[in-house]
Ligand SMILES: Cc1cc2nc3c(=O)[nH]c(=O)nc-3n(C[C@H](O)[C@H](O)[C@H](O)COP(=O)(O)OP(=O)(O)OC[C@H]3O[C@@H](n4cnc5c(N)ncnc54)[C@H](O)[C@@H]3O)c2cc1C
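In the block that follows, a single chain appears as structure tokens, in the form predicted alone.
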Amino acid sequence: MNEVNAGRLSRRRGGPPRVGVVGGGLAGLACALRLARAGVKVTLFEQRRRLGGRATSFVDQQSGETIDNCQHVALGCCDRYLALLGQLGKLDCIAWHDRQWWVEEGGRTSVLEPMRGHRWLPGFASHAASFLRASFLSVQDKAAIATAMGQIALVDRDSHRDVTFGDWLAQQNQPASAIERFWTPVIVSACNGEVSRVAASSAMHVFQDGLLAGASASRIGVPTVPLVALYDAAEMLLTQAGGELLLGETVEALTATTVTTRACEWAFDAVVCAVPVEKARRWLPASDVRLVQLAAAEHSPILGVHVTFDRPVLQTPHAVLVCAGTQWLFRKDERGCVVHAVISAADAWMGLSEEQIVARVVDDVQRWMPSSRGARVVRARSVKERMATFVPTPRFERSRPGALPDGARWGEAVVLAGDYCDTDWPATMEGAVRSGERAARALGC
């Protein structure tokens, strides 16, 4: 912690500085643990009885199994998220994959992977050979995509905040088939929004820091344990530093220096609000200028569907289903009988019943993977996250708030943390962690 700020915090009440962090998602966890390492006495409030926010797990009452609300993955470029896992002692709970399996209807499969000796190859060149072999793209599509990739590699993405990625792709004369088969699957998965809504700056970030940054940056990391198990060590780390974790604690109101629960009012030197944007809007005072910024946030849903078949249906660790309603499949057991289907930007699915959702997913699995035909569904569960993330539209990218209002200090205003804050990242686990760390830096830590 910055010594001057630490001293000012301490002098208010004597002893170590005290900070209340409201929200036990990744932003709140990252903030709380950074503050604790700096000697701050942290009280972390979480309404649920588990940590992780939207990147967590729950016990399915039907099966008794612990399942994730949705499949979350990391990329090799997610350095702050991986640093958090390292602090929690959970880096060995991530399985890394250099390959991506893209499956067309009928089962034809293309594998995008880095070439041998890729460590010496810059950017997109590491995947050039497999990209040229990919069957789901035409020669014209590949030429257009390669040309646009060259432009993305050189562009200042911040100068493209005012246009959508769809508009930018049109300016680059990208064929409709290339948009449908390549650009859309990547951006919908990464930004949880269609290319017609996502700011070009956010979409370019995905490619610049991922695929164009080299093979190690674009590796896909999939947790091998339920998401909630990644956060086991958080309570111990906080208590060792003199702080505390309060699960199942409902916060009713907060100010820059107080947190009000159903039981009492807590006094702190500073308060960090690390809850989703819709809750933050309810808690900030009317005088906070960031309310205007937060009003620009638009939500997008994600649907996770857990399906257990009576025999193996997925032989690869994961699969991108090209031009299917079901976008990704992840294998959740060794045999490939249990799969987790993911649909991002799932607005069209939200009005469906679980029976209808499962039927659509199973139909996609059988059409895109003919060998699965005849497999019987043993158990299925769908999980709707109606307000899973904000969409990085041009309007909101111009409005994303900082941890503090311009010119304000901690103790004068609530400190904000969340994937919606100005981190230069889309609404991802990495973006959430970075926002928590920025909130801690706003407190001098």
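Numbering starts at 1 and follows the sequence shown. Please read these numbers as outputs of a predicted model, since none were measured by experiment.
Not pictured, yet referred to below: the form predicted in complex with the named molecule.
Although the partner is absent from this view, residue 187 stays clear of the named molecule in the predicted bound form, with no non-hydrogen atom inside 4.5 angstroms. Among residues of the shown chain, residue 54 is one whose heavy atoms approach the named molecule to within 4.5 Å in the predicted bound form.
Not displayed here, the named molecule is approached by residue 385 to within 4.5 Å at the level of heavy atoms in the predicted bound form.
Contact check for residue 148: every heavy atom lies farther than 4.5 Å from the named molecule in the predicted bound form. Checking 48, 37, 379, 409 against the named molecule in the predicted bound form, a heavy atom within 4.5 Å turns up for just one residue: 48.
Of the listed positions (71, 174, 100, 372), a single one reaches within 4.5 angstroms of the named molecule by any non-hydrogen atom in the predicted bound form, namely 71. Stretch-level contact analysis of 353 to 361, 249 to 257, 314 to 322, 133 to 141 against the named molecule in the predicted bound form, using heavy atoms and a 4.5 Å limit, identifies 249 to 257. Using a 4.5 Å cut-off on any heavy atom, none of the residues of 341 to 366 reaches the named molecule in the predicted bound form.
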